[in-house]
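We've got the same protein chain twice here, in two forms, each standing alone as structure tokens: structure 1 and structure 2.
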Structure 1
């Protein structure tokens, strides 16, 4: 539908003949006009009012000093944008113009977003660097020392590039170590979140777990343009590197390339190969140094032992002979031994004299008086024991009487309970005597009912009503064709069975067969 502008004068009465349009028709016509005139355009402007709802779409505005243009990047296109929309960034947006009838406005559907020159990127980079430096993320006090010989090295890079091969080759030449590779995109929109997630993922590994925790992290990428390396300038990557508890070496780009992760890392390497050289020492140099130190240690120990031997020899010459040192002590021991025997004899004589004096004082009268005194003491204790025993027995008898008084009511209750239990037991015994007979009678009735049902449902009752069962070669024949094709037939009546031999194959009428042996005609 096309719209034509009609300029009617104020007094023209034909204005009422102009065609009428619905709102949707007019909005559609405007949309086709704009999309036809501006199929695909490139617009330069400054980004403002960035909005990122949960849907994943990005809404923002492009503006200059005189106008504002609404723009939108759909969710599927956001991941492919080379630059993430940030407020204040000057960009060149490529896309197509269209309208949004719901709000009567036109907007730009963005397919690509690029910085408006290197100068804008450098200005934004310098602004971001200053903001992060003000937070202290680049302070030298935050830097951690690189381990001298790490057991496990984590490498964050692309698994398909030449960078990882250079790192592995250099590690193999210098000092082979275990290497964990965390594959990431090193360029494009997915670079920054994947690199940050890899650094945080290595730090999240538990020591001693199934996946070893690295002692050192290397973030590596080959050289490229400022736009190619932009993912390592993102704030999310810089913060992840600064927060890493594991020492981190940044090896992004060539020696002349500088990114913000270089400032946040604990060590910057000019190239990925140089990062591998920083990570481990040269094994052959270590072996040579170890051998040299071992030789020096052996020589030092030999010299020290020789010096101690000479010193010991000098000191031994200043000591006297052992005989001279032990002679006085031996002489004193001999003197004491000579005095010991007379002293022992003198002590024995004194003890014997004392014992003889005591033996003279021990007479039979003294012993008799001692025994009599002990007997009197024993009699006194016996006199005191009899009343004590009587009192104990009386107390025990009193306690026993109290217990007996308490036991009598309990005995009555036990007798009554025993009588009730005996009555219940007699009742159960009576029921037990009758129960087997009742059970057998019930089972017999049930068995008789089942047998009558068996006879009623069995085919024997049907045979008694005049029917017969024909078996062809041992199987029940239910059709004439099955009976005609059998070699032998058996007919069962209610009073017995009869064998029959068919004389034909179903072509002879029934009842016209020749008599068989025994005078009975054939069935077919």
Structure 2
């Protein structure tokens, strides 16, 4: 600043005396000044926009209501920060100031980043909790029941330390089980991604695979500061816990610490030991209980059997002696039997007396009188029989005459109809006889006409007009050459055949015999 104040002087000569800096020299001087004056500072502010390029360095801005300060955490430092830079978080950053001459900037190189008091962190936690709750991740309806006796328990925690020992110890006391430990970092930047990956990894195990799929997951960590436990507030962890298909118990921190995974878990245990207690029942209690149930089962059965035995005995007594049942009946039977014989005798006596009375009345003249009466009745009916028959016959004849009268006209009609049919038949028969005769005559005419035509066309008619057919050795000869070579010739006229020898005058036919063309040469 002093330099510039001196420059403010009005005279040119003073300007000429001032040393001239190059830009680099000046930037270097500023840098040394700033680094010297602010070698190590703590600055409080709210984190503005955060950028995390692929390089692994984290760039962010710290701001308050009036100013902004660029800050950078180098890759190597990022993992060691107590909290991950997150927009809106009130923090206290520790580091040293330096410049970035290339852009005329100054910035804070951050070594450590701590929340600015629990209040700031709590406020942010509350905001995040509300957002996740609004998504329904913490709904009671999502909670799955914890299995009563899991076969395999998956524990997500640090493989060393008191937490896993406490859990295994308590499991051993209550009910030893198969335990799979998925080792994770339980604080620092690596914590959240590792815990989330472990929960998802357990869920991804195939049932029946080489690594058994747990029936229950415990996510555990010992007590610590809010910052130490921060990984269990991260969204990826909360989502992994909420999405876990395997029931999950969270046991993070001490009883008073509540992290967001506790809301998403199916159950929340105040301590790792308590998680083990929730996970399995006490084996000895169960053995006792099974034994007791076994005893009750046997006793109940024995009592039932005894009760039934007693009841059976009671009922048997109630039945009494069989003689008591038959005694009275037998007595009555004896009494009745004694009365049986006298009763039969007296009954016979009574019947005989009745019979004697009736037998006295049975005399022959009674029968004769009865027969006479019957004969009279028969004679009367015989007298009525003949007229009745005559009447019946007369009635039948009348009916027959009536039917006959109706039959006569019907017969006439049928006769007329038969005559008509016969006339028609005769006409048809006449036509039948005439038709073939006509047709035959016509055919005969046609045949003779055709025959005439055949004769006209045939060679026989031609012969009649003076032509002749020459045959040489049996075959028709149509040339002189053919006729000259033959041994014998035959000439056919219309009225017969004549043998001839070629070259021989004697056999030469007289008149207008018509030899073949071959024979013509012989004629001259």
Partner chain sequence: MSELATMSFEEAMAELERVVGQLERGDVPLEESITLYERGAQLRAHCEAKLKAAEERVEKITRGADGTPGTEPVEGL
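By rigid core we mean the largest C-alpha set that fits within 1.5 Å across both forms. Values in this document were obtained by computation on a predicted structure and should not be read as measured data. Residue numbers count along the first chain shown, from 1.
**Student:** Where's the form predicted together with its partner chain, in 1 or in 2?
**Tutor:** Answer to the question: structure 2 is the form predicted together with its partner chain, whereas structure 1 comes from elsewhere.
**Student:** Does residue 461 count as moved between structures 1 and 2, where moved means a C-alpha shift of 2 angstroms or more after fitting the rigid core?
**Tutor:** Comparing the forms between structures 1 and 2, which are aligned on their rigid core, residue 461 does shift its C-alpha by 2 Å or more.
**Student:** Following rigid core alignment, is the displacement of the residue 486 C-alpha between structures 1 and 2 equal to or greater than 2 angstroms?
**Tutor:** Yes.
**Student:** Quick check on residue 131: with the core superposed, does its CA move 2 angstroms or more between structures 1 and 2?
**Tutor:** False for residue 131: its C-alpha shift is below 2 Å.
**Student:** Once both forms share the same rigid core frame, by what distance in Å has the CA of residue 306 shifted between structures 1 and 2?
**Tutor:** C-alpha displacement of residue 306 between structures 1 and 2: 7.0 Å.
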